[in-house]
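First comes one chain, alone, set out as structure tokens in the form predicted on its own.
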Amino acid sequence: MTERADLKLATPAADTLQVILAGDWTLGGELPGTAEVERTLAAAAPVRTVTFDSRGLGHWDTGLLTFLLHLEQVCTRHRIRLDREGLPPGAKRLLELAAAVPEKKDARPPEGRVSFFDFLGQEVVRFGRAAAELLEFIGEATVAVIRLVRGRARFRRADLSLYMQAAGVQALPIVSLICFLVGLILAFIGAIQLKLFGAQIYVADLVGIAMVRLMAAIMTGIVMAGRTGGAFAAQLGTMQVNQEIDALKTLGICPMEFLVLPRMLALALMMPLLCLYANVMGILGGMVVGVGLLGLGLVPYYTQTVQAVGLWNLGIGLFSGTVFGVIVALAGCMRGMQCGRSAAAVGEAATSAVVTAIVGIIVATAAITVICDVLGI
């Protein structure tokens, strides 16, 4: 039969408070708290030592240890010495083990509500550190590219081929589907308005310019951010957890050249080709609406598209695709290299890589658009 946990207090000396433990201190039962001890410490004469009497103690588990840890915190706040001699030997060993391993920083959530200005200050500091880490990573990547140009970068050419295949041929199905549907949607939305003026033929201009100049590169970049950027972050994050990156550093091999550089080159080389393919798929999607829904002829639609799309539009789209490829590779590799040493950190790194890449693509798109407007192209 389980005996109810009981807690009594005694004062064997003027400056000593004795905690008498009795019954079964197991989880699932009603366990006393430290409130009575705190009230006694506040009301009684100055207490310098807290001792224990556990002769009446029955079965116990982590419920007793939780109580003892809370009581130890109370004694620390009141600057009172806690004498563990009266405790069971097993409880004393477990408490010593708990004290031997310091609690990890930020392991517990902050108690109480954080003021707005504290939160704002922490976010500003965190943003500054993130910006500094980003600039440092970009600088190291630039150095690696310079070493590549000089022929001094060390990485396996076979890895570059594998990454190009993963970021190129294997990405064609999803790029085909997304860009075909985007071209179809653009044509359908444009047709609704252009039919009001009898200008259905200009659907070809709308779809062609939009896809070639911007939309194909953006959609391909977002697809690659979710597909390839997250994969890069997960790969490097797993290597970080398994200490493989540390092993490369120990062997004198630069991780930036051996791991990041081939991935960045693969995306920078394959993204323009994917953008060309996305242009074709987007225009085909618009052609389905123009020919099938609006009744336009196949030859007139093709001719109007060729007249509307110029080399400048094509060049801007290919340049944007190259920039987006570098951004996706940098975001994925940076988050992977910054990954923590746990399985959960790998998932967080992959998620952060996708978000960082998409934000970078949007910012780069805005910058390229402004520059093109200033240059008048």
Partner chain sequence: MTAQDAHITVRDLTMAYGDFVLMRDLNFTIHRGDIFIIMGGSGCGKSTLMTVLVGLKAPARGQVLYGDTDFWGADQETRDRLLRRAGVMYQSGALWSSMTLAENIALPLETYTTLRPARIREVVKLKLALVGLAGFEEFYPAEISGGMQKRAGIARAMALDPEILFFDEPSAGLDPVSARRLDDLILELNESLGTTMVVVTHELASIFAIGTNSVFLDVSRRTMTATGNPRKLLNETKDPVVRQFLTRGEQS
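Residue numbers count along the first chain shown, from 1. Nothing here was measured: the structure is a model prediction, and the numbers come from that model.
The form predicted in complex with the partner chain is left out here; the points below concern that form.
Heavy atoms within 4.5 Å of the partner chain in the model of the complex are found in one stretch of 150-158, 196-204, 212-220, 303-311, which is 150-158. The contact residue chosen from F180, Y277, F258, F188 relative to the partner chain in the model of the complex is F258, the criterion being a non-hydrogen atom within 4.5 angstroms. None of I174, A130, L248, L284 but one reaches within 4.5 angstroms of the partner chain in the model of the complex through a heavy atom, and that residue is L248. Taking the partner from the other structure, the partner chain in the model of the complex has no heavy atom within 4.5 Å of any heavy atom of L293. The closest non-hydrogen atom of L265 lies beyond 4.5 Å of the partner chain in the model of the complex. Among heavy atoms of I253, some come within 4.5 Å of the partner chain in the model of the complex. Among residues of the shown chain, D83 is not one whose heavy atoms approach the partner chain to within 4.5 Å in the model of the complex. Residues of 221-247 placing a heavy atom within 4.5 Å of the partner chain in the model of the complex, in sequence order: M239, N242, Q243, E244, D246, A247.
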